[in-house]
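Take a look at this single chain, the form predicted alone, given in C-alpha cells.
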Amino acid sequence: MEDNSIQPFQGIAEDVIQHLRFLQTIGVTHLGGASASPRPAPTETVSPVVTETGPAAPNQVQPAPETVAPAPIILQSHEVPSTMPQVSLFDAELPAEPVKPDHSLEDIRLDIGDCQRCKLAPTRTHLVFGDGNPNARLVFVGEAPGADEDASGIPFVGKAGQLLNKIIEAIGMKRDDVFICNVVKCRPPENRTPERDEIAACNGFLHRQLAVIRPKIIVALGAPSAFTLLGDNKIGSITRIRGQFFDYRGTPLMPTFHPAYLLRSPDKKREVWEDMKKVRDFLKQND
C-alpha cells in the first residue's frame, strides 16, 4: 500500500528548491549572515560643504558622508532547529549521515552487511571479510577469494593459502599472528582478476581494515593488491616493484608475488623468500 503521508512534504520541498534556484538565477547567492560578495560602496561624490566661515572653496574636495552598507537579505521563515543538518542553500538533497569512526573490525563487518554494492554479489556463496589477529603487526593483502575461500568464507584456505602458511612459518610466525584479507571480498567468476568498478566498490573497506589494525608492515600479494594500495597502476609490473618498500599512508608496504603465481612458477619462490626476509628483519628491528 502506497504511503501518501509524505506527499505534502515533497511538494513543499519542491517549491523551496524551485524558489532557491530562481534566486540563484537572478544572482542571489547568500541569505543571512555576512555577505560572501559585498556590494561595492557607492561612488564618492563631491558636494559643497558649508562651514562656519562660509562655503568651501570651489576647488576643495570634501568627502561624502560615510555610507552604511546595506543589510543582507534575510528570508523571514521558521527558525531551523539546531539539531537539523545545515545545508547549502542550493543543494537539492540533504547530506549523507556522517561517517562514524571504526573502533573494531566488527564495526566494519557490520557496515558491509549483506553487501550488494557490485556485480560480484549475485554469484558469491560467502563474503570473505578477513581472518587473523585484529592487532597484527603484519597484514597480508591478496587479490580476491577463490573457490575454496568462497565456499568457506575464510581467505587463503586453498592450495595458495597452504603455501602462504608455509611462507609465514618460514619467517618465524604463525597464521594466528598475522591478519589476511583481500582487495575484494567476493569471488570473481572463474577466478578472474577483479575489475575496476568491483575494486572501487570494495577497497574502501580494505583501507578501513588497515586503519583499525594499524600494522607495522603490509605485504601486498600480487599486482592488483599492490596497485590498489599504492594508488598507482603506472609504477610498473609486480616483477619490477617487488622486493622494495613503498609507503602506504605512513606504513611500509612490500609487494611480492602472489602464492597462486608461485604454484605455477615455483622458480620464483626464491625471490619471495628474499622479500620475506626483508619483512622479517624489519619486524625484528621494530619490536
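Numbering starts at 1 and follows the sequence shown. Being a predicted model, the structure only gives us computed values, none of them experimental.
In what follows, reference is made to the form predicted together with a small molecule, a form of this protein that is not presented.
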Proximity of Pro155 to the small molecule in the model of the complex, heavy atoms at 4.5 Å | yes
Hey, in the model of the complex, does Arg242 get a heavy atom within 4.5 angstroms of the small molecule?
-> no
4.5 angstroms heavy atom contact with the small molecule in the model of the complex for Gly132 | no
Applying a 4.5 Å heavy atom distance criterion, does Gly146 contact the small molecule in the model of the complex?
-> yes
Okay, which stretch from 197-205, 137-145, 117-125, 103-111 lines the small molecule in the model of the complex, with non-hydrogen atoms inside 4.5 Å?
-> 137-145
